[in-house]
Every structure is written in C-alpha cells, then in structure tokens.
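Form predicted on its own, single chain, as structure tokens, below.
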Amino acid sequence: MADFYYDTAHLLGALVLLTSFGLLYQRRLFALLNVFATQAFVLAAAAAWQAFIHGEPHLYITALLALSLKAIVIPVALHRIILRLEIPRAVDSALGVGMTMVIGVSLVTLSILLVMGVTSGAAALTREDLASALSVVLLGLLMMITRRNAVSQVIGFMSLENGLILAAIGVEGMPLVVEMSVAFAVMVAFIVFGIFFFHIRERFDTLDLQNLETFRGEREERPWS
C-alpha cells in the first residue's frame, strides 16, 4: 500500500505540472480558463490525498478552498469579466509555442537539479513534490512574462500560487496558517486585479498590454524622413 500511496501522490503532482504546460500551450482565453480550473481541481485532489496518507485533516480545508475558489469561483468570475468587458478571446504571446515549450522544459530541468541538490536528506516524495512545485512556480512566472494580455497574466499569477500551495502540502507538518495566508493573498490579489481590469478598460478601451504601451509613448511611430 505504501507504494500505491506514493505513486498516486506522485501522479497528482505530475498532473499539476502537466496542466502548467497546458496553460502555456493555450491560445484562447476560455480554453485557458478551463485548463486553469482543471489544474485547481487536480491540486485539490493532491491536497486531499496528502491529507489522507499523512493523517493531516487541515489539508482537507486546503483542498476545499482550492476546489471551491480556484476551480469554480475564480474561473467563473473571470469568464464573466471577459464577456462583460468584451475582451478579445485570442491570447497574444511574445514567443511562439515551440520556443515557450522549450524554455518551459528547461525550467523544469533546472527545478529538478536545484531541488535534488539541496534536499538530499529529505524523503523521496517530499523531494519530488518540491521539484514539481518549483517547476509550476517557474512556469507560472514564464506565462506572466510571455503573455501580453492582462487576463492571461493574472491566470499565470494564480498558477504560480498553485505551485506554492503544492509545495506547502508536499511538506509534512506544514501549518495550516501558511496555506490559509496564501489563499487569502490570492483572493485579495484577484479582487485588486478585477478592479484594475475595469479601470483600464474604462480608460483605454483595451486590456492588451502591447496596445497600452502606445499610451505611454513607448511605441510611437516616427514620421518618414
């Protein structure tokens, strides 16, 4: 049974990482929201499984928060924001899909090398969970850097936060206050981003960051000489 517990926990962590690559691959906002909801659902399952195998009931609260807020409430709210503000559904990226995936694989390799090098004395499950969590964090950061649409950058930020939660649930004995503070922080950030969206849309009539640069004078066209 110990091998079954280990393999299941490892599989769930790998699925969270796989959905991070799914987020990088998507080019439509609604598909992006669906993949993010799937990532949050798998994260909730991972937290519930860790609660079961380690006998830590507080992780069930983490699983419930991830399921209710990140898999249901936030995707639905972002869906409504996209419809209400009539945001273009295409996701514009600074890099192509192939190059983004190559960078993503490189970041995962870097994460594995870093974690395996500094956690040699930890349990195998803990080391692999931390490697997966760091990979999810870096891939979320990559998504924030390469995406030009504000909504997709917010999803990248919340995916990054999913990696932090994955790291917290993978370390046995992590106090509930850490997970609760992370969940509260992401909710506050989501509310701020929502207000930010409406103000930008009202002022500039767009949420495309590339177009917004023209308002700052960074991409002014020079007259032909």
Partner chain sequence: MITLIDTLYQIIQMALLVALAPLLTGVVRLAKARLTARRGASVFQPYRDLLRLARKEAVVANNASWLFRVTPYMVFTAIWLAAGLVPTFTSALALAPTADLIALVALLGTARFFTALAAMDIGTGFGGLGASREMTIATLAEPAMLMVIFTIAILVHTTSLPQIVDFILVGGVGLRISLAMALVALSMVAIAETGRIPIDNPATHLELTMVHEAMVLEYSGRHLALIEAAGMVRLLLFVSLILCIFIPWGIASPGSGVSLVVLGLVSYPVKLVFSGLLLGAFETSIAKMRVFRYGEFLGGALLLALLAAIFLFVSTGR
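If you're wondering where the values come from, they're calculated on a predicted model, not measured in any experiment. Residue numbers count along the first chain shown, from 1.
Keep in mind the form predicted together with the partner chain is missing from the figure; the text below concerns it.
Note on contacts: among 76, 83, 90, 116, the single residue with a heavy atom within 4.5 Å of the partner chain in the predicted complex is 116. Every residue of the trio 11, 14 and 97 has some heavy atom no more than 4.5 Å from the partner chain in the predicted complex. When contacts are judged by a 4.5 Å heavy atom cut-off, residue 112 counts as touching the partner chain in the predicted complex. When contacts are judged by a 4.5 Å heavy atom cut-off, residue 71 does not count as touching the partner chain in the predicted complex. With contact defined as any non-hydrogen atom lying within 4.5 angstroms of the partner chain in the predicted complex, the contacting residues in 16 to 38 are 17, 18, 21, 25, 27, given in sequence order.
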